[in-house]
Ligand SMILES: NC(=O)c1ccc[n+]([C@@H]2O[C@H](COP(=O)([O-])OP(=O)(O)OC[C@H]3O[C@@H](n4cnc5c(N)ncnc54)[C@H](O)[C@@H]3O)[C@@H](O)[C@H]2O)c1
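Just the one chain here, the form predicted alone, laid out as structure tokens.
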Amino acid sequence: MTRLAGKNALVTGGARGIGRAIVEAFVREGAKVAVADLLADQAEETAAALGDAAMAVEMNVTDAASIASGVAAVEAKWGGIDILVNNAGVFDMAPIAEITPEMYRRQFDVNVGGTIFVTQKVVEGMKTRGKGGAIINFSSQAGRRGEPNIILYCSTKAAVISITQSMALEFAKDKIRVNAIAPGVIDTPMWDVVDGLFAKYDHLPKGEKKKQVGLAVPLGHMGSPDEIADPVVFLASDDARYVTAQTLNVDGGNWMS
């Protein structure tokens, strides 16, 4: 399996969950991968498990200097970045009466700003090298529809869909394709946090929301990180060479479009 042979990739939020599954899938497909994460120790552990095909990069996607330093480190070691996955993201929820400016800034800075500013820095090198590239952003089924008490998260993920379309049109002349993945409910450590918040605001026992959402999926269960990583490999590869400006739903049938 060498669909990404000779390619260098950077995956933000790559230390665990969906990000780690993407990193592992990319390495299996022949790529070298930079595991970029604010959790430096976990990034190091993930990279170490993959040997010479991976490197760890401490990166705060809300800090321009951190982004620039991380991207420069990858380019210095491997000569450039061919694939970028903007996976880093945060979730929070609250009724509108309880939303604070800090909650607003954190979710928009990471989910929206991180996508924009990491792309900005990586695309500089892609354009200079002149070999094109592939960028995969992360939206969510929450970006397809509003949900009560999740105003901020839903709006950030809707923004990612629009950002993906605009980036794709801007970079098309440089042969840089930009697409997005909109996952449904995926069984990752983040869902323990999500479940706890639903327990608080929907007055449910812990674990009940997670059970409910899994049973509500038309395919009958929550997704796994690997079930997201495989479509990301497709979008990063030449198999998707005529695909750009799209947001692919990977959600077991929750959203039909």
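Residue numbers run from 1 along the displayed sequence. None of these values were measured; they are calculated from a predicted model.
Beyond what is shown, the protein has a form predicted together with the ligand; the following relates to that form.
Across the options 190-198, 47-55, 203-211, 24-32, residues that bring heavy atoms within 4.5 Å of the ligand in the predicted bound form belong to 190-198. The listed set V74, C154, V110, A168 contains one residue whose heavy atoms approach the ligand in the predicted bound form to within 4.5 Å, identified as V110.
Screening I161, V90, I150, I176 for any heavy atom within 4.5 Å of the ligand in the predicted bound form leaves a single hit, V90. In the predicted bound form, every residue of the candidate spot (A15, I18 and S139) has a heavy atom lying within 4.5 Å of the ligand. Contact check for G133: no non-hydrogen atom falls within 4.5 Å of the ligand in the predicted bound form.
The ligand is not shown here, but in the predicted bound form it comes within 4.5 Å of a heavy atom of V185. Mapping the unseen interface onto this chain, A229 falls outside it, with no heavy atom inside 4.5 Å of the ligand in the predicted bound form. Residue contact check for L219: none of its heavy atoms lie within 4.5 Å of the ligand in the predicted bound form.
Residues D37, L38, L39, M59, N60, V61, T62 are the ones in 28-64 with at least one heavy atom within 4.5 Å of the ligand in the predicted bound form, listed in sequence order.
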